[in-house]
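Before any questions on binding or motion, here is one chain by itself as structure tokens, the form predicted alone.
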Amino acid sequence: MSVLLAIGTRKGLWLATSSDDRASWEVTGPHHPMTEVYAVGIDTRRATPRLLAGVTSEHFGPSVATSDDLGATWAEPGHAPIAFPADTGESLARAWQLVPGPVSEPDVVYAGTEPSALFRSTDGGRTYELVRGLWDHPHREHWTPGGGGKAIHTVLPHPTDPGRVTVAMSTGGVYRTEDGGETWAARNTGIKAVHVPDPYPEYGQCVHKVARHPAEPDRLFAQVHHGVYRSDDAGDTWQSIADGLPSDFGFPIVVHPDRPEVIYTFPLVADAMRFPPEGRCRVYRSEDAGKSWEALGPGLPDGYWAGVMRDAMCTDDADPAGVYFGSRTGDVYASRDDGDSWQLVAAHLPDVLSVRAARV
């Protein structure tokens, strides 16, 4: 079994491969040097997985690069693959999310962008069109930037119903369409907003990340700006699952690939103290959908003061599951046993922004 781990950083993309059940890794890079790679995707719906990288050059601007040979070569169009129509008066800052659509639509890829918008590709991620229904939503003029920018950072296509897509943004909250993007509704009931006078508004929450398992598409998990939540009704209502964590602040949240009730997160002290509690690098795992939590530490360091960003944690699709995260100091850790133990894959890379892993 071979596993590929794609590592997007502030200065390019690194690729780590393992052919010995993730016991050791070979790391190559940088691919696309001196570009910010906020978004990476691995599309496993085709015989040879397609890699997608949202690259942003200070000189050439943002683009999407694709590879059909696991990173040996890359294709990048001469024109902008993601571009706002002229009548919007906006220009693309970067792609924050590149997500393959459902299996029933093998050429559909979604892109979440900054400024906050959703784009859809029907040619495997080479070109994209703006989803007008969300762009024209009356709430949009009230969406504001979070600390990292005003962006859609989560896109969750429904695994069996192509008309249903859930997105999340900072700041704005969670929105869902059930008609292929024509109309959208805010889905934030129960999520607290700590930065506005009304603690439970219809929209405007600073949601950091949302995740789900395709076998349980109506169960969602969210890491919020001071809050961790679960929804059992596709986002219609949310309840806190932060009890048992050392802090309710953090950025990533991911779901185990085979066990829908198992989730992982990386708590930080607070919004103004963005490092692990007591300087202990720990992933926290719940095996009961957030009812209880345990710290996972073997192989992870103490005296560690780096954070993990919203897309810098992921799982692979192997058994037992691999769990991965990269830090803002450029360290990348991997577990090949569901998070029970950890090893260092790479150190001293640039600031890690995004990671994705899959069997190849």
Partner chain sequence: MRITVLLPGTLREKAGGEAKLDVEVAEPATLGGLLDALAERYPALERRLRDEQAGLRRYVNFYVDGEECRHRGGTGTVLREDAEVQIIPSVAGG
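Positions refer to the first chain, counted from 1. Nothing here was measured: the structure is a model prediction, and the numbers come from that model.
Keep in mind the form predicted in complex with the partner chain is missing from the figure; the text below concerns it.
So which stretch, 51-59, 317-325, 330-338, 301-309, is the one near the partner chain in the predicted bound form (non-hydrogen atoms, 4.5 Å)?
Single hit among the candidates: 51-59.
Counting any non-hydrogen atom inside 4.5 Å, which residue from Val194, Ala80, Ala185, Val269 sits next to the partner chain in the predicted bound form?
It is Ala80 that has a heavy atom within 4.5 Å of the partner.
Tell me, which of Gly89, Pro138, Gly147, Pro199 has a heavy atom within 4.5 angstroms of the partner chain in the predicted bound form?
That would be Gly89.
Assess the spot marked by Arg10, Glu76 and Pro85: is the partner chain within 4.5 Å of a heavy atom from every one of these residues in the predicted bound form?
Result yes, every residue of the spot touches the partner chain.
Would you please decide whether Ser63 lies within 4.5 angstroms of the partner chain in the predicted bound form, comparing each non-hydrogen atom pair?
Because a heavy atom of Ser63 falls inside 4.5 Å of the partner chain in the predicted bound form, the answer is yes.
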